[in-house]
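A single chain, nothing else alongside it, follows as structure tokens in the form predicted on its own.
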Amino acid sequence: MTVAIVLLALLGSAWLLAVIEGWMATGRLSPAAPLFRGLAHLGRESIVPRSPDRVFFEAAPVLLLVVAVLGMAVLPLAPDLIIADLGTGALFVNAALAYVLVAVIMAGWGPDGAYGMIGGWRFLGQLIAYSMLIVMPITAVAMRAESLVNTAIVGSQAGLWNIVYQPLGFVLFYIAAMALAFRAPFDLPSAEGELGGGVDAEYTGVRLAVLRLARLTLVVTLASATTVFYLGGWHGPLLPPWAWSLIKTLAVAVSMLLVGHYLPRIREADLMRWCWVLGIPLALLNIIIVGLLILVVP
């Protein structure tokens, strides 16, 4: 029952994001548009490139979707609404999301197309840099909770959310989440103006539908992780716990779409430099600050 509820919440959130994405693209708010677009993809021919690596080409969209669902499996919507409350849940989130890189590299390499391959290698450099800004803020969050259990991390924020306790960590994690989901302005792997879609370019029909669903699901999973680690999870007045988790998750996910809509794409050289020169030192500073707060503030 828990599995079904979490999966329905995940799919419903992805559907809402697809509606908002369509509104930003066309200026029209149509709740049925994702359904029509999905049916249109299912009705189109799934074209296979001339000389693909067939295993990589077929597996990449499915793997990306599985990775997003696995990450969501250890994130609680309520104290008793979580698929797997692992003892190392926070680390599992990071470990699962690492396979986003594998899926995107496969999507770029599999079709044997120049644009897709360039997009895949772009994402390799992007994730190697920004994965540090995922795991280092999680380290500071676990330090405060004195646990890697995600329900315990939410419980530690009952009096004060981590966005207040460690705002620098929140900003770094939020930026890294956008880079991991390769949403604009971090959409270098799929840059339509430069690469004609990049890793998405050679996919059509059902495969493209699965790939787009996987990308939206990944945004929801990263937004849920942000909610669990920094926004107090299910904590909130009046409404039931699961409602607060969904409201916060959707708010973060929608903000990721809106922020990317109004910012220009960042050059790959600048993207790398900002992370290595500025992001990682700030993440280390955040760990030091949280450590000092734990020692000084009872």
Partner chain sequence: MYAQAFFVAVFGLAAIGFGVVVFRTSSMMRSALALLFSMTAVGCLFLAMQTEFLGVLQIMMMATEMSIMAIFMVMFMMDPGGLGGMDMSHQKRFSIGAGVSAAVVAIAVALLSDWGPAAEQVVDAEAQTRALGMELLGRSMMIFETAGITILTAMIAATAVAIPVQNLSSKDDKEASE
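Because the structure is a prediction, the values reported are computed rather than measured. Positions refer to the first chain, counted from 1.
One more form of this protein should be noted, the form predicted in complex with its partner chain, which is absent from this view; the next part is about it.
Under a 4.5 angstroms non-hydrogen atom cutoff, its partner chain in the predicted bound form has Arg273 among its neighbouring residues.
The closest non-hydrogen atom of Leu239 lies beyond 4.5 Å of its partner chain in the predicted bound form. For the chain shown alone, Phe92 is a contact residue for its partner chain in the predicted bound form, at least one non-hydrogen atom being within 4.5 angstroms. When its partner chain is considered in the predicted bound form, Glu146 lines it closely, a heavy atom lying within 4.5 Å. This chain is drawn without its partner chain; in the predicted bound form, the residue among Leu81, Ile175, Ile128, Leu168 with a heavy atom within 4.5 Å of it is Ile128.
Contacts of stretch 49-63 with its partner chain in the predicted bound form, defined by any heavy atom lying within 4.5 Å, are made by Asp53, Arg54, Val55, Phe56, Leu63, listed in sequence order.
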